[in-house]
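Only one chain comes next, encoded as structure tokens, the form predicted on its own.
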């Protein structure tokens, strides 16, 4: 952090994603009829969705548009004044900002959107319309009920620069992936007391890798797989189900009608203590991405969603000029793993950064 920068806003958590889709009816069917998200409000141009335990207006906005892309990764801040703080902070960093007293989308009040130093469209807000929290409405629960928005994952060419920026913004690193030379391939950052609110994956970017929703238990994820199979939709499953090494969470990755990636996620761990240790994984350890050692399909490393600037135009994608995880861990057939060495333990506990 430079001496000339003002303090960053006090971010509480990741709160919602605005996602542009090309076929609103198809996307609505996917997120509502298949995944079970709850419609808070909708019109001919947008659908506002929330998970069952949410009390703010929405966690996901589907907006009809010509290019499938992420329009805003939105974070709630602790006080109304933190919106002012966010605006001043990003202006001091030389970033473009836009402020709307009545919000950019329905259900959100005073908010500021920025194109951040990595090229991502971030939004910061406090004021929000409250809706019924459906935690006790068990008649609405399906076997695969999605209960919370958990995190975003972002693809950027320069993870090291991204780490410095997000830590300056007030995020704390919980886990990362490095090689023997200390090159960082990916990192996980939290504000709430879980493994992450967002993560950085090294690759061509800026792009959105995925949005993740939580279930209560891993059997909920298996129920989603069974439902997709019963609906003859198993082709939307990209990866999993499985257990991550990073985060220790049970996971499933699926693709929506536009190819936007959604993770269904459960059972990570508490990180809220001030001396919570950072977990560092060896990039050559096959268990870092899948605890059972299953290979990661190449599309998981190569595919991601475009992001938009504040004018609604796709942000140009820049290639990564350093090795990616795909290059160092995927074999010649494009799928199977390579393994460097035969270490008993591919991760280590470090000290809090």
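Positions refer to the first chain, counted from 1. Quick caveat: nothing in here was measured; it's all calculated off a predicted structure.
In what follows, reference is made to the form predicted in complex with a small molecule, a form of this protein that is not presented.
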| query | finding |
| --- | --- |
| Site check 246, 253 and 263: each within 4.5 Å of the small molecule in the predicted complex by heavy atom | yes |
| Distance check, residue 210 to the small molecule in the predicted complex, heavy atom within 4.5 Å | yes |
| 4.5 Å heavy atom contact, residue 188 to the small molecule in the predicted complex | yes |
| Residue 300: touches the small molecule in the predicted complex, heavy atom cutoff 4.5 angstroms | yes |
| Interface membership of residue 76, the small molecule in the predicted complex, 4.5 Å heavy atom rule | no |
| In the predicted complex, the residue from 194, 153, 115, 220 that sits within 4.5 Å of the small molecule by heavy atoms | 153 |
| Segment that reaches the small molecule in the predicted complex - one of 35-43, 58-66, 284-292, 305-313, heavy atoms within 4.5 Å | 284-292 |
